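The chain below stands alone, shown as structure tokens; this is the form predicted on its own.
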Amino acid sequence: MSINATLIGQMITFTLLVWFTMKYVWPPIIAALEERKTKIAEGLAAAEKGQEEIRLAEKKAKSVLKEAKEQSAEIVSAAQKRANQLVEEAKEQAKKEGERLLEAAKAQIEQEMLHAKESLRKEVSSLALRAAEQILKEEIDKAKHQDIISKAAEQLG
């Protein structure tokens, strides 16, 4: 065999090997590489999208938290305002009740005072009548009159 024939045989074999590889082996390898490249690209895109979603979610969470804090501050403020209002209402009501009780006590005192005056008037008039009766029963004498009046004064006082 000559070197030329071996070389031509090897070239034909190599060409057949290249053709076979290009026709049957290379396309599945290229397809697998392309598929892997696509999956990696999709994974990277999904990771970037996920990070963007995380940033957006963090921003949203911060805004929701801030809003919740503002609402809670408003609620606390409103509750304090209402509590102060209730305290003021209770004070006003207690003041009115105290004034009403004071007025009722004054009216009761006035009533009792009027009753005592009336009772005293009746008693004084009754004593005056008894003294007058005793004066008229006895004979008219200055000393006796004076004695009866002083006895009536002692009874009064």
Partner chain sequence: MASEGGATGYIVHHLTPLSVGEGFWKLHLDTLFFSVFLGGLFILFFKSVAERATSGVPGLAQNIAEMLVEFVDTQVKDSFHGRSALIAPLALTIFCWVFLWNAMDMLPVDLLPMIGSLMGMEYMRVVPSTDLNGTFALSISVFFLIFFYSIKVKGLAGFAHEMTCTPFGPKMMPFNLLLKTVEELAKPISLGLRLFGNLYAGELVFILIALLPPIVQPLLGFPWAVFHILVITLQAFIFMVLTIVYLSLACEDH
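In this text the structure is predicted, and so the values were computed from the model without any measurement. Positions refer to the first chain, counted from 1. For the two forms, the rigid core is made up of the largest set of C-alpha atoms that agree within 1.5 Å on superposition.
The form predicted in complex with the partner chain exists for this protein as well; it is not shown, and the discussion that follows is about that form.
> Of these, 91-99, 111-119, 57-65, 24-32, which stretch puts a heavy atom within 4.5 angstroms of the partner chain in the model of the complex?
Replying inline: Every other range fails; the passing one is 24-32.
> Just to confirm, Thr13 within 4.5 Å of the partner chain in the model of the complex by heavy atoms?
Replying inline: The answer is yes: Thr13 has a heavy atom within 4.5 Å of the partner chain.
>> Within 4.5 Å, heavy atoms only: does Ile8 come near the partner chain in the model of the complex?
In response: Heavy-atom contact with the partner chain at 4.5 Å: present for Ile8.
> Is Lys39 close enough to touch the partner chain in the model of the complex, meaning at least one heavy atom pair within 4.5 Å?
Replying inline: Flag for Lys39 set to yes.
>> Taking any heavy atom pair closer than or equal to 4.5 Å as contact, tell me whether Ser150 reaches the partner chain in the model of the complex.
In response: Judged by the heavy-atom cut-off of 4.5 Å, Ser150 is well away from the partner chain in the model of the complex.
>> Is Ala32 displaced by at least 2 Å at its C-alpha between the shown form and the other one when the rigid core is overlaid?
In response: Ala32: C-alpha displaced by 2 Å or more between the shown form and the other one.
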